[in-house]
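Listed next as structure tokens is one chain, alone, in the form predicted alone.
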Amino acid sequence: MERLTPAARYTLDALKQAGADDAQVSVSEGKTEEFNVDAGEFSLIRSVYSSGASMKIIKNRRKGTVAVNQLDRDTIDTAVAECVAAADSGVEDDALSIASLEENADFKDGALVCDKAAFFDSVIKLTEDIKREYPQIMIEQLIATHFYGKHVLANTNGVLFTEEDGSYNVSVMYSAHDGENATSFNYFDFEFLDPHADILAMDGARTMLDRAVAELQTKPFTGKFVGTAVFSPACLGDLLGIVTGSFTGDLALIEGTSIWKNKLGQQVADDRFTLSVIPHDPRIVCGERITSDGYRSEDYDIIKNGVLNSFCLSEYAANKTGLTRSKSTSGCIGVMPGGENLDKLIAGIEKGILVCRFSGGEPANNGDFSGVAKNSFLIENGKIAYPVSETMISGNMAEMLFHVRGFSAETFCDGSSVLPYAAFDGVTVSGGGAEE
């Protein structure tokens, strides 16, 4: 932090001298080592260095913000002038604030030095393992990175946090092919600390590739029924991101569109449902330690045993609504697992669908949603019957949380979330030619 902390202090001083009442600055430097595979062949190896600063001021109850990607003083001085000008032309807002001083801290975590040789060998092994075990799988794109970063956040209230961390990440987009027959693409993504890791052995990777091969036998589904939707962990994570944004997020609470706006402390889901934000869970890789508002990050429950415990609000939204800011701005979530494994959970379903990817827009304000279940499988009489193509699912997300059939005992961790399979009753499934 030898260079970053003086840069942060210089920026704060410059902002105060330029007329800011309150100011906050975030300064960072990073290095990314990257390997890419496109269409099954290595296409890129590079090192990328980055640096930058973002600044925020409050002046006469108006906000100014600017971000730059260089840390020399000429660039910072120019950015300070732009930030003040933005505040001068802004709109007065009594909800504006910066973080108050609580307890400063320094954080260091993860794989700070990249073992390029070991990591490259692990990526090579992954591509060779897929070619050998799954000859029908085409790696459309693979991006393998190690990111090392240093970060300082400081403000004029005396807040000063420093952070240094590093981790490996592999993201694979793939599809299955058999002659002219090809499946829809899917992807998996893992963050981890061991450069020697067996990536294909990570949670759910082989299961996803097995399903992709099975999708080569996809059949069209016709008709319509109301049954059970079983969401894969990755798909569940996407859906819960929609739920938290639509029902507990800044915009929904500020504009008053959230159907949960008056539900704090009340039942909003089945009592088996607990949804938590868990950046400090040991299974999470380099989880958030400093919130974007400038506070020390903490784990917390959004929903515990079906009861809404907390909204997911920034300090600004909390000030605007009179509610409490959330203890973390992290997207690292966990859901409490159930007591049955996936096979037993499916065995109790007469008619349903296993949804492995969902393509749909934001739900309506009342929670109604619809979209396409991709890479998905029909469930009949307690068994996975066959993969289905372009099948629609619809329902109401708020009501669906009350209609929990169960959660799997297995949880799957990709380094940023810990999630089970989740089964919900009352979801409408419809295929081509469906009739009302």
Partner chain sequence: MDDYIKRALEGVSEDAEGCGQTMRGRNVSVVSGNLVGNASFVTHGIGARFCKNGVWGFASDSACTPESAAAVIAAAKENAALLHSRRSKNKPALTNARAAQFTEARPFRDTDQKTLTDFARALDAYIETTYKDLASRSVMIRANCIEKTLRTSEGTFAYQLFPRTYVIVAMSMETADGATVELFDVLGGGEGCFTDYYSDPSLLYPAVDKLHRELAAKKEGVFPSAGERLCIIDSEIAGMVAHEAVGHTVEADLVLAGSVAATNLGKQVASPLISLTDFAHTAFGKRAPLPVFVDDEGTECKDAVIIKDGVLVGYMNNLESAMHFGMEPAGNARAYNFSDEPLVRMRNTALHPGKDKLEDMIASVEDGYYLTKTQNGQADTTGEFMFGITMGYEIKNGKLGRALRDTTISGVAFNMLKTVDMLSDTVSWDFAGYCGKKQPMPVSMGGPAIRCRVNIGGR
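Small disclaimer: the values here were computed from a predicted structure and weren't measured. Residue numbers count along the first chain shown, from 1.
The next section is about a form of this same protein that is not shown, the form predicted in complex with the partner chain.
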Exercise for review: Consider residue 320 of the chain shown here, and say whether it contacts the partner chain in the predicted complex, taking contact as heavy atoms within 4.5 Å.
Suggested key: yes
Check your understanding: Could you tell me if residue 255 has a non-hydrogen atom within 4.5 Å of the partner chain in the predicted complex?
Key -> yes
Exercise for review: Find out whether any non-hydrogen atom of residue 34 is located within 4.5 angstroms of the partner chain in the predicted complex, and reply yes or no.
Suggested key: yes
Review point. Is residue 185 one of the residues lying within 4.5 Å of the partner chain in the predicted complex, judged by heavy atom distances?
Key: yes
Practice item. Name the residue from 271, 82, 189, 194 that puts a heavy atom within 4.5 Å of the partner chain in the predicted complex. Key: 82
Practice item. Have a look at 245, 158, 339, 360 for me and say which one sits with a heavy atom within 4.5 Å of the partner chain in the predicted complex. Key: 360
Review point. If we take heavy atoms and a 4.5 Å cut-off, which stretch out of 247 to 255, 102 to 110, 326 to 334, 345 to 353 is in contact with the partner chain in the predicted complex?
Key: 247 to 255
Exercise for review: Scan 54 to 69 and note down the residues that get a heavy atom within 4.5 Å of the partner chain in the predicted complex; none is a fine answer too.
Suggested key: 63, 64, 65, 66, 67, 68, 69
